[in-house]
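In structure tokens, one chain follows: the form predicted alone.
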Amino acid sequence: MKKVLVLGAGQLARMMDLAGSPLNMDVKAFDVRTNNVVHPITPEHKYGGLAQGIANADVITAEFEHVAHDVLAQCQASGKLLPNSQAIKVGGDRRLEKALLESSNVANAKHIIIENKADFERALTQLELPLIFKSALEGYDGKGQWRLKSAEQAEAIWQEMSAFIDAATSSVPQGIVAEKMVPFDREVSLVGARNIHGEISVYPLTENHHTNGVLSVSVAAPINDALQAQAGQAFKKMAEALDYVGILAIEFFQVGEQLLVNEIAPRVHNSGHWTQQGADTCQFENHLRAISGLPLGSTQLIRPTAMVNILGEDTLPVETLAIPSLSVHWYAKEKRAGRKMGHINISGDTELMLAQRLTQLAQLLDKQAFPDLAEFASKYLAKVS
């Protein structure tokens, strides 16, 4: 039995455990809030602290990238951490991420790193408005971001960002990345795996839709071969540069026929949840296979599939379960506004069938809880009809 320790005890560790059980894997999670090793599904069961968890594990991995550096160092020193600590740090610091993209010759938005007002003024001079400013550390789901559309806003935004930098409590100094805003056609993401032997297998590109800065829907369906190849090349360059092992997610902006990397996530990813019903081997199982030295499972799309995030709700109309090829995955969390409580996967034999079922689902769900799902489903149905 392979023993796996996951840094982080949220829903991603939970789904890794569910995927690992059929492979005879024993998955435990290190809860960074309590410093206890717990069972991912029944966290009331505790198994000591980090040192004991490291000693008991055959391999250590992470479900999020903002792991304290002292924890990463302890795990890296054990020789059991996959992906390696540097790869996890790159995913958690946009400055390191941009350096990786540049050194790997992977296309991304024009940018400038900001650590002081002189850097800020240089960004205003060298990058065309509009600009987006993103915190280097701990920015996610639209948080830690500022948009500058006119020069008149500059001083007020600098004051906000300066206060944000000064208030940082992280062990690594906070900073800001300024980017020229990209007028993209859509956002897509690629989830792929690289194992300890250097073998790579990637899932199909997934189209993502956001609501108020948070991912709300991902759709996996047949896509342009040239775009898939372009994304696969970017994945290969970055995974090999990092000597990466495990699942790596890359978010892209599609501008015409070009893909620009927006950001990477060194872990299983929300936009890959569709793989639970849309692929032979889901991202969670392939992550465990990759870090454990097992052969990678198939990443081919077996049927068009969409994932719908459930935010701030702990129930769904029972009628949704009557929709064919629909699965609900709850995370066993206490209800809180905006919190990721679970997700729905829904599939169809064709894109048209998927769009019809997604439209049916949107009609059943609460419009306030899923504010633009009906509009998205309607546009998707019109596109594939």
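Heads up: residue numbers just count along the shown sequence, starting at 1. Just so it is clear, the model here is predicted, and its values are computed rather than measured.
Omitted here: the form predicted together with adenosine monophosphate (AMP). The next part is about that form.
Problem set entry | All of Arg94, Gln145 and Lys180 with a heavy atom within 4.5 Å of adenosine monophosphate (AMP) in the predicted complex | Spot residues vs adenosine monophosphate (AMP): full contact, yes.
Exercise. Would Phe120 show up as a contact with adenosine monophosphate (AMP) in the predicted complex if we use heavy atoms at 4.5 Å?
Worked result: Answer no; every heavy atom of Phe120 is more than 4.5 Å from adenosine monophosphate (AMP) in the predicted complex.
For this session: Would you check, heavy atoms only and a 4.5 Å threshold, whether Glu263 touches adenosine monophosphate (AMP) in the predicted complex?
Result: Although adenosine monophosphate (AMP) is absent here, Glu263 would touch it in the predicted complex, with heavy atoms inside 4.5 Å.
Problem set entry | Heavy atom of Met161 within 4.5 Å of adenosine monophosphate (AMP) in the predicted complex | Flag for Met161 set to no.
For this session: Decide whether Leu137 counts as a contact residue for adenosine monophosphate (AMP) in the predicted complex under a heavy atom distance cut-off of 4.5 Å.
Result: Flag for Leu137 set to no.
Problem set entry | Stretch in contact in the predicted complex with adenosine monophosphate (AMP), which is absent here, among 246-254, 224-232, 85-93, 311-319 (heavy atoms within 4.5 Å) | Among the listed stretches, the partner-contacting one is 246-254.
Exercise. Of these, Ala109, Ile165, Leu127, Leu296, which has a heavy atom no more than 4.5 Å from adenosine monophosphate (AMP) in the predicted complex?
Worked result: For this set of options, the contacting one is Ala109.
Exercise. From the list Ile200, Leu242, Leu72, Ile132, which entry has a heavy atom within 4.5 Å of adenosine monophosphate (AMP) in the predicted complex?
Worked result: It is Ile132 that has a heavy atom within 4.5 Å of the partner.
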